[in-house]
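Just one chain is shown here, as structure tokens, and it is the form predicted alone.
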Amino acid sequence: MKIGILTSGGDCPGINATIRGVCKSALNHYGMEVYGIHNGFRGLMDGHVNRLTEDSTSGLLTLGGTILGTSREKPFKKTSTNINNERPSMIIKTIQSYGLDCLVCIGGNGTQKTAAKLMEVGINVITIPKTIDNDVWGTDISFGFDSAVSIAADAIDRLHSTASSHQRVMVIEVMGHKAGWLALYSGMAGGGDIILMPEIPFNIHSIGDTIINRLKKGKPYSIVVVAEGINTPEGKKAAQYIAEEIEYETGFETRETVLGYIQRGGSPTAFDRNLATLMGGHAVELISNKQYGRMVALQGNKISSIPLSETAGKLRLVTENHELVVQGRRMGICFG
């Protein structure tokens, strides 16, 4: 069998480890041929494809980014300059010219939607979820999340010493447009006093009261962790808005820090390396059994899969009854 593999959307730690897991399993155990498709779905349209060998996987386990490159190309999206949209037919032509039996797509929510549409036009597809936001529906954890949590928690740890020394309020903004998993997990792990997420409404007066009450208890500094996607007026950046409002409400000196792309770069954690390896191997197992149209998923402690149609277009979001939110509130942490 011949399989193609591509990475789409934003980069994150663990993509290369997944590519390695797919390639080594396919080449060594199943005797398949593997073809790397460069720059996501754009590479399928342009025919930017090359065969991967055992040597191609050397050194990938710890390497950040993606050796295949990536893009945010949406081949099924029609534009004013491309009303007839010939891009899907270009993809089909590339797949047929290389004789690919199945396509492995590594990516987040947008990739899952595109892969589901490829399946509808007759292409055999297996997907592997990838996101530091951990918002792909159907899997408990996506690789990249644990690495991002570790990076963010380390940054929060470092801000504690500065906040304590200067007796300031420190606001740290982490990624998460619609889901607050990264803010929740890093905020709890880093000892945040206030954690704000898109899913849970916040009241700026309550946040001010929390900071003032901490001062009355002899705690002269506070750490506020905010997801970038929280609701802010006038399109203001999350950390900037919260810092300005806290200074206005309390009169306390407040500084903001935006982690940005630091969270997506670098080497994956040991957890993400193992998760990526297992997910890559399971994807090839599904292909060998001709179980197409599925997304690899971690459910509990088991690697399994779900129909791609079930996850496409859905988001996995934080709920107010999540155990970390409940425990945090019991400990006096403010969630807005």
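Since the structure is predicted, the reported quantities are computational estimates derived from the model, not experimental observations. The first residue of the shown sequence is 1; numbering continues from there.
The protein also exists as the form predicted together with a small molecule; that form is not presented, and the subsequent description refers to it.
K.L.:
Between the options 175, 169, 195, 172, which residue brings a heavy atom to within 4.5 Å of the small molecule in the predicted bound form?
P.N.:
The residue in contact is 175.
K.L.:
Heavy atom within 4.5 Å of the small molecule in the predicted bound form: which of 146, 73, 228, 199?
P.N.:
Contact with the small molecule in the predicted bound form is made by 228 alone.
K.L.:
At the 4.5 Å heavy atom threshold, is residue 264 in contact with the small molecule in the predicted bound form?
P.N.:
Yes, residue 264 sits close enough to the small molecule in the predicted bound form that at least one of its heavy atoms falls within 4.5 Å.
K.L.:
According to a 4.5 angstroms non-hydrogen atom cut-off, is residue 131 in contact with the small molecule in the predicted bound form?
P.N.:
Although the small molecule is absent here, residue 131 would touch it in the predicted bound form, with heavy atoms inside 4.5 Å.
K.L.:
The small molecule isn't shown here, but in the predicted bound form, which of 136-144, 158-166, 175-183, 247-255 has heavy atoms within 4.5 Å of it?
P.N.:
Within 4.5 Å of the partner lies stretch 175-183.
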